[in-house]
Structures are given as C-alpha cells and as structure tokens.
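Next up: a single chain in structure tokens, the form predicted on its own.
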Amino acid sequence: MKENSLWKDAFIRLTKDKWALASLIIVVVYSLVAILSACGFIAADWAQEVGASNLAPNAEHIFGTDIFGRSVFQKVVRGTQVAMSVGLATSLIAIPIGVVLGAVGGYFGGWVDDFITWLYTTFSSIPNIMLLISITMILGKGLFAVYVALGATSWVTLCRLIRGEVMKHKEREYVQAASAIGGGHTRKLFKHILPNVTHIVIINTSLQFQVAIKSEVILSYLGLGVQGEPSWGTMIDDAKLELARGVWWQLAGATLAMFIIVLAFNILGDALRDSLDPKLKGK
C-alpha cells in the first residue's frame, strides 16, 4: 500500500482532531474580522458615541459602552485588527531572520556557527520584556515600533531549532547525493535541506503568533504600544480605573477576546506539532 506524504498524512491527522479544527476555525474567523476591520467594512466608526457613558451590556450593545459612550464591542473588533496585524508583522520579520541565520550556522559550522550561536545566546540572555521596552523607547511609541521590537526579538527560538535540524540533515544521504552530482552549497541548503525542516517553521509560527499578541497587549498596557486607536492592551489599561466604579465590561471584552485567540493558537500549535513532526508519526 502506498504511504502518504508527510503533508497529506499531517492533514489527515489534523482533520481528525476536533479541537484542532475548532481552533483553526477560530483563527480564520479572527483573521477575517481583522481584514474586514482594516478595510473599513466593520468597526470603522468605533470612536462614535453610540449611547450613554458606561452603559452596561444589553441587547443593543452586548459589551456595553465606555466612559465616552463608545461601543466596547467595536473597540474589541478594532483591537482584533491590531492584535492579528502584530502577529503577522512579527512573523514576517522574525521568520526570515531565524531561518537564514539558523540554516547558515548549522550548515557551514566553524566560526560562522560560533558567531550565530553567540548572537542568539546574547539575545536570549537579556530579559525579553526589558529588550522590548528598550527598543520601543528608542523607536518611539506606536504600532511600527511594536512590529520592529517584536520581530527583532522573536527569531531566537526558531534560529536555534533550524540550526539543530540543519546540522542533522546536512550529513544525510540525500545531501551527499546532491554533492556527488555537483550541487553547490546554496542548492543543497535551500532546495534540499530547508524544505525538509519547513514543518518546524509552521509550528513555530503558530506558537509565535500568540506570543506576539500577548506581548503587544503588555506593551500597550504600559503605554508603549498602539497610540490613537483601541487595542486590547489599552482597553485593559483604561479598565483598571473603571473597576472601582463597578464597570467591568471593557476589561471582560478585551480579556475574553485575547483569551480565545491565545488558547486557539496554543491548541493549534500542539496539533500541528503532533501532525507535522515525523518523529511522532504513527503515535
């Protein structure tokens, strides 16, 4: 009987996991909400007053209103756009850095590997939150600073994983066969080795997404993140003064939205690891 490819087998195993499918649906829904919000189809008028100040949740406003009478639900939706954009931008910056440095270090070894190992060890030795705060203070407050800060500090884990896998793969028969027919370093690394470690990139991306979302919330809560528009972090920061007056719905809305997407990414990341890791095949 013909054996399925790694990707086909992973897809079959993933579709059999109901929790993974539910998590994937949640991620897709959040992504669609973020896209529609970015295009101005929904939550475009989040700053408009829609009711009385600090109106409790009701049939018309399911998350109530804030101190300025703005819809908390629309602010949560707008915050979804910010959160998903941070996860995407962080991945687009961190993945190329981590993959290239890890692959080059693992493949060439020697002083190149020593330098890259020293580089990611240095980054990982600095407390992450302190590094994030430092970079955002240098670049200035705002969403762009959050993108750069998170992207510049999130490549370390992926780099270490890719380096280790490339070190194992470069000694295998298919790479030696490529050398025997005259394949150069670039061809062997990017055409033969990296496609065999792609599953690590996918798994790491799914896990990194939720880390980036939580980090953005922390930075915005500290006043170093998003400026001039709602994010879950700024909503939580605003809510700390409202709790004393019994106004809990802004905190609940932002926290619930963040909890759902972070949990979904965690479950999806575990499912992708179980499905894509060849060492776990058949277990």
Partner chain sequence: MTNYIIRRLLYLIPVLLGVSFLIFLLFNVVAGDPTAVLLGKNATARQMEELREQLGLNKPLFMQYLDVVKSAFTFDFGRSWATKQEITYMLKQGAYPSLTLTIPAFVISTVLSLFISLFVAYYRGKGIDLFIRFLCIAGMSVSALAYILGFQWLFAYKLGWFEISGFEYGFPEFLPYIALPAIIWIILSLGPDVRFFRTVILDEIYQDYVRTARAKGLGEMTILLKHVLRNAMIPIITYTVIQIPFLILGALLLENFFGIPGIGGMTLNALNNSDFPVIKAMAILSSVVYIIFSLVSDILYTIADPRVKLK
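Note that the coordinates shown come from a computational prediction; the quantities given were computed from them, not determined experimentally. Positions refer to the first chain, counted from 1.
One more form of this protein should be noted, the form predicted in complex with its partner chain, which is absent from this view; the next part is about it.
Engineer: If you check L36, V50, L222, V27 against its partner chain in the predicted bound form, which one has a heavy atom within 4.5 Å?
Structural biologist: In short, L222.
Engineer: Have a look at L88, I202, L143, L131 for me and say which one sits with a heavy atom within 4.5 Å of its partner chain in the predicted bound form.
Structural biologist: The option sitting close enough to the partner is L131.
Engineer: Taking V217, A244 and F259 together, does each of them reach its partner chain in the predicted bound form with some heavy atom inside 4.5 Å?
Structural biologist: Yes, all three are in contact.
Engineer: Pick from 115-123, 74-82, 183-191, 97-105: which stretch has a heavy atom within 4.5 Å of its partner chain in the predicted bound form?
Structural biologist: That would be stretch 115-123.
Engineer: Any chance T255 has a heavy atom within 4.5 Å of its partner chain in the predicted bound form?
Structural biologist: Heavy-atom contact with its partner chain at 4.5 Å: present for T255.
Engineer: Please check if G109 has a heavy atom lying within 4.5 Å of any heavy atom of its partner chain in the predicted bound form.
Structural biologist: Although its partner chain is absent here, G109 would stay clear of it in the predicted bound form, with no heavy atoms inside 4.5 Å.
Engineer: Considering only heavy atoms, tell me if P195 and its partner chain come within 4.5 Å of each other in the predicted bound form.
Structural biologist: No, P195 stays farther than 4.5 Å from its partner chain in the predicted bound form.
Engineer: With the partner left out of view, is L251 within 4.5 angstroms of its partner chain in the predicted bound form by any non-hydrogen atom?
Structural biologist: It does: once its partner chain is placed as it appears in the predicted bound form, L251 has a heavy atom within 4.5 Å of it.
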